[in-house]
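Below, in structure tokens: the form predicted on its own, a single chain.
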Amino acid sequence: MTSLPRQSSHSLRAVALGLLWTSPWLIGATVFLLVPIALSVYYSLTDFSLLESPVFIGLDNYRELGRDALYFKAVANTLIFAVASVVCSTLLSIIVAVLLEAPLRSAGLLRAIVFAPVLVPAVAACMSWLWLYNNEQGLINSMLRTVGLPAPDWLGSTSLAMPALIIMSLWVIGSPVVIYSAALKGVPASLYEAADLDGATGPWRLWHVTLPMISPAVLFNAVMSLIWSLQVFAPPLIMTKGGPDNSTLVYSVYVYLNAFFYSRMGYACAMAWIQVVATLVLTAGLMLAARRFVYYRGT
């Protein structure tokens, strides 16, 4: 009869002790995550200039998005960047990972070189690529002039600025390559032996054996690349500031400009929540579509 109260008291003490030890994380998550999320939802329903108190206006910010031509330009630019970046980075990282699995003496060094750009801060990387794309003294144009080819204005041309940013995004494929390398090591050798007996070699073996076996890794990297691409911010802001002629104005940059340049924090919060919902929908759609193509061993 007395054991139940003691057990209850002991359980309460255990819960209290657990809350005490986790309180720094709980307080931090509440102050720096939950409260800002709640405030951003409220601000998206207000006219807030950062200098004056927010004025509640309901869904007017969301309605204005439908009349903002520059908003749709930013959406289109972001989708172009995301599709090109995800497709190209997936293909390139798979090819590099397969090549690095070849029996090379310096494979470890090559893996380190491929992964090194991941460790470079975004701002430093952008400054380096600004020099590479420089019209007069940039390395890329200097090499083109050496072989007698025209040296274009990479970041000053409306037709080349976005491709230049997409090419830069392919520089940071170290993390996907590492994941693909680990997945390739898990492919059973017996499958390759069976493919050799069936006469499937080279690209056919890659298509029918390797890709199905590493498809979970492909899906994971594609999802991560999609999320990053939809939220890309530093390269277009630092390198082109959304120009020329808004050709590289991506979604996150437009949110930033509205929040801190045009002093329209409420409008920017509304845009940010549309971005969150769109990212969730596109990610879920990609994962649902990939269910037909992803092979999980044991299923």
Partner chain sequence: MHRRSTSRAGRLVLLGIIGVAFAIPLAWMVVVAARPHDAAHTGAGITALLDNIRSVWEWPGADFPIYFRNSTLVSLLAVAGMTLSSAVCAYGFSRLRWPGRDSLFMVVLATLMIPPVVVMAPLYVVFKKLGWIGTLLPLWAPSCFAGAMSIFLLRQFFRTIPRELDEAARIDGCSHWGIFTRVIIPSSTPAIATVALLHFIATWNDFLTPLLFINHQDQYTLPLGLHMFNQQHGQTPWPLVMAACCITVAPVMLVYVLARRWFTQGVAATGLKE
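The term rigid core refers to the maximal set of C-alpha atoms that superpose within 1.5 Å between the two forms. These figures come from a predicted structure and were not determined experimentally. Numbering follows the first chain given and starts at 1.
What comes next is about the form predicted in complex with its partner chain, which is not displayed.
Proximity to its partner chain in the model of the complex, taken as heavy atoms within 4.5 Å, picks out 225 to 233 from the listed stretches 184 to 192, 225 to 233, 208 to 216, 76 to 84.
A residue is said to contact a partner when one of its heavy atoms sits within 4.5 Å of a partner heavy atom; residue 11 meets this definition for its partner chain in the model of the complex. At the 4.5 Å threshold, heavy atoms of residue 163 stay clear of its partner chain in the model of the complex, well away from it. Taking non-hydrogen atoms only, residue 103 approaches its partner chain to within 4.5 angstroms in the model of the complex.
Taking the partner from the other structure, its partner chain in the model of the complex has no heavy atom within 4.5 Å of any heavy atom of residue 88. Along 10 to 45, a non-hydrogen atom within 4.5 Å of its partner chain in the model of the complex is carried by 11, 14, 15, 17, 18, 19, 21, 22, 24, 25, 26, 27, 28, 31, 32, 33, 35, 36, 37, 39, 40, 43, in order along the sequence. After superposition on the rigid core, the Cα of residue 18 moves by 2 Å or more between the shown form and the other one.
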